[in-house]
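A single chain comes next, written as structure tokens; it is the form predicted on its own.
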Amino acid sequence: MKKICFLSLKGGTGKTTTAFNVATQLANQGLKVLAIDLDPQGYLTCSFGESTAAGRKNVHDVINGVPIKEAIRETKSGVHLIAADLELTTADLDMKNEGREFFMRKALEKVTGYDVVVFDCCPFMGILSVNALVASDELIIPTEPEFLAMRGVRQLYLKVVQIIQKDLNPDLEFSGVVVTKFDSRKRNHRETSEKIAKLFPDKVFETKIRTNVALANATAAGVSIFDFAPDSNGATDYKALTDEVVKRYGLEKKV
């Protein structure tokens, strides 16, 4: 079971859109996928067309003792989901026990039958993001081709990931940077993308996610880009990115 964390320290990088569409396309290829929403805003949950309202078991319930299997729901895309809601804003207060950084890793030990687990994290380093990194094998950082976003990638790697690797999860690999919202007509996008590639050689995915309004519209409709606009640039790009993920992480397509 390959566990992949999508994390960015800057909002608006297309992180959730990337996690959602990659998870969905992995499922389209026949893999069994579990997506875990660790952002109190619940954007990944909404992307799957699921409710963030209280009443159905979610990540917050798991933190408070509900068996993790009871919080798993099946979505119309075929991806299984553990949803988030605003109650997760209290996670740093709720998770007080010693070893709280390992909570999600231990919870997943009771989950079987999946090929891939995808974490979507909030855009800051709280206990939920730490849990995702400690539980994961691979880290993918989506980033816009802008200076501040590139700086966020460096900070995440130099100040956070290396600490996690040293103290909490030596098996974590910083294995991928995805350039999102790319517009080849913009000189600064081309130049910044080149700088990112030089900063992180062999880490940057070849596929760039081009600026595409259909991606935002698909999210608003609660469906993947493959269902909303299968012939769009967004669908083409996320199919190509998912193929890279499959190849890079040794996954096997089943359809």
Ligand SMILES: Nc1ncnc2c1ncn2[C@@H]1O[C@H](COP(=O)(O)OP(=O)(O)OP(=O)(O)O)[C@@H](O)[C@H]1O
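Keep in mind that this is a model prediction, so the values were computed, not measured. Residues carry their position along the shown sequence, with the first being 1.
Same protein, other form: the form predicted together with the ligand, not shown, and the subject of what follows.
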Classify residue 210 as contacting or not contacting the ligand in the predicted complex by the rule of any non-hydrogen atom within 4.5 angstroms, answering yes or no. yes
Looking in the predicted complex, any heavy atom of residue 10 within 4.5 Å of the ligand? yes
Would you check, heavy atoms only and a 4.5 Å threshold, whether residue 216 touches the ligand in the predicted complex? yes
Contact label in the predicted complex: residue 17 to the ligand, heavy atom within 4.5 Å: yes
Tell me, please, which stretch of 38-46, 189-197, 222-230, 59-67 lies within 4.5 angstroms of the ligand in the predicted complex when heavy atoms are compared? 38-46
Interface residues of 171-185 toward the ligand, as seen in the predicted complex [heavy atoms, 4.5 Å]: 181
